[in-house]
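First comes one chain, alone, set out as structure tokens in the form predicted on its own.
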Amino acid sequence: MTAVPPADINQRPSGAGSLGLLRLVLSEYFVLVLCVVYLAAIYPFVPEMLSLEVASNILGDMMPLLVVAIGQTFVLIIAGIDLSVTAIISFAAVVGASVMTGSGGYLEGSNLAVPGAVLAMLAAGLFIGLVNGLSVTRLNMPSFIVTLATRMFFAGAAIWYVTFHSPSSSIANLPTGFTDFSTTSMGGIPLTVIVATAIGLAAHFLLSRTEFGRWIYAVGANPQAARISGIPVSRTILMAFLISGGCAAIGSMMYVARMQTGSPILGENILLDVIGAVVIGGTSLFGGKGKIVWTVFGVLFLMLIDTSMKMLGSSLFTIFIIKGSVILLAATVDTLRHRYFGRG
């Protein structure tokens, strides 16, 4: 079916109500409106949702997921997908824990234990991102297959790695200098919120104010046209996967600090949330469109659903069904937008 230019939206013979609804759905603040509507709908059943304590818990739970989702946003904008983020989280977790643990860690008792572990976790994330990026750009492999393979490989490697560094199924006894990352505040603001906000602002600046940001959108919209225009397509794709790997590693630090252990199954259940939050926010699965602020709204919406369902006493499979349905609906809306209105 031939795509209709965005300008034709205003020329359709629709009523004022239909046109207003269409504009709302296409608005970049649509998910934020959904958050408000959802809160208003759920409030009579769970009034605690508007309490300061629950809001604080939601904010804390959002941060690791948000950081990982920010990296995924870059990859989706270039019309790719990174399914390996959960394996990056688990592999970086066990590598970092093996460096700083007080039970036979490589830097046990050293002042360099925590910074050494942080660097090791970042290196693990960037390395897997590099493998993904090079496989896509040099071998012309689909990102779906590449990242699915690296996900399986490094998830298995994380389990294997733990067997050489711990008698149990995870690596514990981490220094408080690292675990305090999840509880420390500066000026009343949790450190994880400050870090995630800084990453979000940097990512927003990168996408909206730099030449690299313009390359990202151009490659996602039409890689052939971008190449003809002189844009280094391969380098741009490689950088997107490196950013995704780095963000997943930082998200891993937040999860490890909160759990106080390096587990090879850390984050294994959040892949749907990571991709779903980005798509719900409005970033297109077809590439060329997306914003960091949209991802923030998408993560917030998923966390509101997750928290409210738990407070209502819903079972885990019910929560999965509801979240899966919301993500499927978001993907359907994205497909309809792409089919009927192009990339507008």
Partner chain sequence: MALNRREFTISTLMALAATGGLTVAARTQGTKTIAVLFDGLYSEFWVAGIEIIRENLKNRGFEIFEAISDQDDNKQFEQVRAAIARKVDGIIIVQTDSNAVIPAIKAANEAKIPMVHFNRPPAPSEAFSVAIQADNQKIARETVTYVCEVAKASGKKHQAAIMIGDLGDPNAIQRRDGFQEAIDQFKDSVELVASIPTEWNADTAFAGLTNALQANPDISLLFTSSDFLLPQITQALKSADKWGKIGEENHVILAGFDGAAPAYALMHESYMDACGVQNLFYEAEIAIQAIVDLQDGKKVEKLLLDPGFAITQANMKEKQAEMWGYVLWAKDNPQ
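The structure displayed is predicted, hence computed values, not measured ones. Residue numbers count along the first chain shown, from 1.
This protein has a second form, the form predicted in complex with the partner chain, left out of what is shown; the following refers to that one.
In short, of 237-245, 223-231, 253-261, 192-200 it is 253-261 that has heavy atoms within 4.5 Å of the partner chain in the predicted bound form.
With the partner omitted here, the residue from 119, 172, 141, 134 that has a non-hydrogen atom within 4.5 angstroms of the partner chain in the predicted bound form is 172.
The partner chain in the predicted bound form comes within 4.5 Å of no heavy atom belonging to residue 152. Contact check for residue 265: a non-hydrogen atom falls within 4.5 Å of the partner chain in the predicted bound form.
Among residues of the shown chain, residue 33 is not one whose heavy atoms approach the partner chain to within 4.5 Å in the predicted bound form. Heavy atoms of residue 109 never reach within 4.5 Å of the partner chain in the predicted bound form, leaving it off the interface. In the predicted bound form, the partner chain lies within 4.5 angstroms of at least one heavy atom of each of the following residues of 39-54: 40, 43, 44, 45, 46, 47, 48, 53, 54, in sequence order.
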